[in-house]
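Okay, so here's just one chain, in structure tokens, the form predicted on its own.
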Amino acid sequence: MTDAAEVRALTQELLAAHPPATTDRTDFLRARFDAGLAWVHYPAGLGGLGAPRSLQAVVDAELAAAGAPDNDPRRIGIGLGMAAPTILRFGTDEQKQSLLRPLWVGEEVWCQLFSEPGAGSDLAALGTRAVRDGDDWVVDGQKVWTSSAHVARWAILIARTDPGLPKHQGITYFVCDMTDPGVEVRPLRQITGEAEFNEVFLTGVRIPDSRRLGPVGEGWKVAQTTLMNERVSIGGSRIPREGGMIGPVARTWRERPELRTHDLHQRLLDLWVEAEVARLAGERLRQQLVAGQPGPEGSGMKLAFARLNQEISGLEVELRGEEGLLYDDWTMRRPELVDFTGRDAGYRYLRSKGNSIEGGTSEVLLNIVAERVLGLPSEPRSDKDIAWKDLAR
């Protein structure tokens, strides 16, 4: 299906059969998925129509005009932006059928068990072990910086299955049930006062081999799909003009003329233009995705996202003067969604500090852009061919 009129007609059929005003929210979302209007570029039977990705905008516009509910994408962003594309590419038919529908509807939240205390920027150095025991894998280790682990039902997990191979090999990718015995989630309180992140301890967790994604030992290859989609979802999300961090600053500038100075005006103009360029570049990146899988360009978008957020939020604090030093609430809480722009200027300033760390540090992403976009020589890596078990730790 490649015709906007056909997609529009299907959307109207969905609305006629399930009027948003009288249909339960979850029931409507399930019906939307079954009609192939969840993500139209996915295959038929998996929430899609096998249609061009660009036609999703037609569906979204029709549903928004009818007041239809969405699936609260900020709450389930890890599932939508990272787990789903990986399951679609590497999952078995059974995995796709059982996992994608509740993921998209929002009935099941997902988290990501990748980073470890000793394997953050150098993720391939991870030490969490998975040992085969019959039809199961027994997993032991610790993961850290896990967003939404405290509300998640499922996790995408990479673990080392063969320590005798070099670090990028001998890794296998799993789907972990966060309710299984041996999974312990502990909050990590942040500079913002809340505990959006967690550390996760895995002790004798048994994962059936049927929940493995991709071949044994090919987990690093599978994880690249996850990571590239993560960077696109963080840095290339669709926003309107003056969306994101630049919006609150622009509103304050217009509404509070007494705060203006010539220097702040020049800096705001520069950042406004950069934010708009980044927004339009994100639109172009999404159009490129129509042709296939995300590439290293997503790393550039994520780099720009982090830098702009930190510079814009710093400008906002300066613009507000003494008001910018205020902070609304240090109460320890465990939010259900990640909100980069929520609350007040102080929150935005502090929360943006994490943008250059999460989803790939800016230093690592600069290397990716240098090597895979600009074609520059890669940095020497002395540990590339050494067995993981022989690496100095």
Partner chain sequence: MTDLLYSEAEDDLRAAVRSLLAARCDAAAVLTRAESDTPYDPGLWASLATDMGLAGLLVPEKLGGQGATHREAAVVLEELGRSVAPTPYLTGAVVAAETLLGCHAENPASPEAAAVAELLGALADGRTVVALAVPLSAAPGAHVPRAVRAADGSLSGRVTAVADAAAAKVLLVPAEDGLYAVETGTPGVTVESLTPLDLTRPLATVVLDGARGRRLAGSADAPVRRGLLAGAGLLASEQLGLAEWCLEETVRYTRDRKQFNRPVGSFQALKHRMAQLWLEVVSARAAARNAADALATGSPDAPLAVAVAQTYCSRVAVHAAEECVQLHGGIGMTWEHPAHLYLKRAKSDAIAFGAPGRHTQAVAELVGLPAPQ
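Note that the coordinates shown come from a computational prediction; the quantities given were computed from them, not determined experimentally. For clarity, a rigid core is taken as the largest C-alpha set superposing within 1.5 Å between two forms. Positions refer to the first chain, counted from 1.
The discussion below concerns the form predicted in complex with the partner chain, not included here.
Participant: Among the candidate stretches 171-179, 89-97, 154-162, 250-258, which one is within 4.5 Å of the partner chain in the model of the complex when only heavy atoms are counted?
Facilitator: Only one stretch qualifies here: 250-258.
Participant: May I ask you to check whether residue 241 falls inside a 4.5 Å heavy atom distance of the partner chain in the model of the complex?
Facilitator: Output for residue 241 is yes: heavy atoms within 4.5 Å of the partner chain.
Participant: Since only the chain is shown here, I'm wondering whether residue 379 would be in contact with the partner chain in the model of the complex (any heavy atom pair within 4.5 Å).
Facilitator: Heavy-atom contact with the partner chain at 4.5 Å: present for residue 379.
Participant: Taking any heavy atom pair closer than or equal to 4.5 Å as contact, tell me whether residue 102 reaches the partner chain in the model of the complex.
Facilitator: Flag for residue 102 set to no.
Participant: Given that the partner chain is not shown alongside this chain, does residue 201 nevertheless sit within 4.5 Å of it in the model of the complex, heavy atom to heavy atom?
Facilitator: Residue 201: no contact with the partner chain in the model of the complex.
Participant: Looking at 184, 136, 323, 270, which is the one with a non-hydrogen atom within 4.5 Å of the partner chain in the model of the complex?
Facilitator: Of 184, 136, 323, 270, the residue with a heavy atom within 4.5 Å of the partner chain in the model of the complex is 270.
Participant: Taking the partner chain in the model of the complex as the reference, which of 221, 284, 74, 132 has a non-hydrogen atom within 4.5 Å?
Facilitator: Of the candidates 221, 284, 74, 132, 284 is the one lying within 4.5 Å of the partner chain in the model of the complex.
Participant: Flag this candidate site as yes only if 4, 57 and 70 all have a heavy atom within 4.5 Å of the partner chain in the model of the complex; otherwise mark no.
Facilitator: No, the whole trio is out of contact, none within 4.5 Å by any heavy atom.
Participant: So which bits of 358-372 sit within 4.5 Å of the partner chain in the model of the complex, heavy atoms only?
Facilitator: Contacts from 358-372: 363, 366, 367, 369, 370, 371.
Participant: Aligned on the rigid core, do the two forms place the Cα of residue 315 2 Å or more apart, comparing between the shown form and the other one?
Facilitator: Yes, the C-alpha moves 2 Å or more.
Participant: Could you check, with the core superposed, whether the Cα atom of residue 256 shifts 2 Å or more between the shown form and the other one?
Facilitator: After core superposition, the C-alpha of residue 256 moves 2 Å or more between the shown form and the other one.
Participant: Kindly check if the Cα atom of residue 247 is displaced 2 angstroms or more between the shown form and the other one relative to the superposed rigid core.
Facilitator: It does shift by 2 Å or more.
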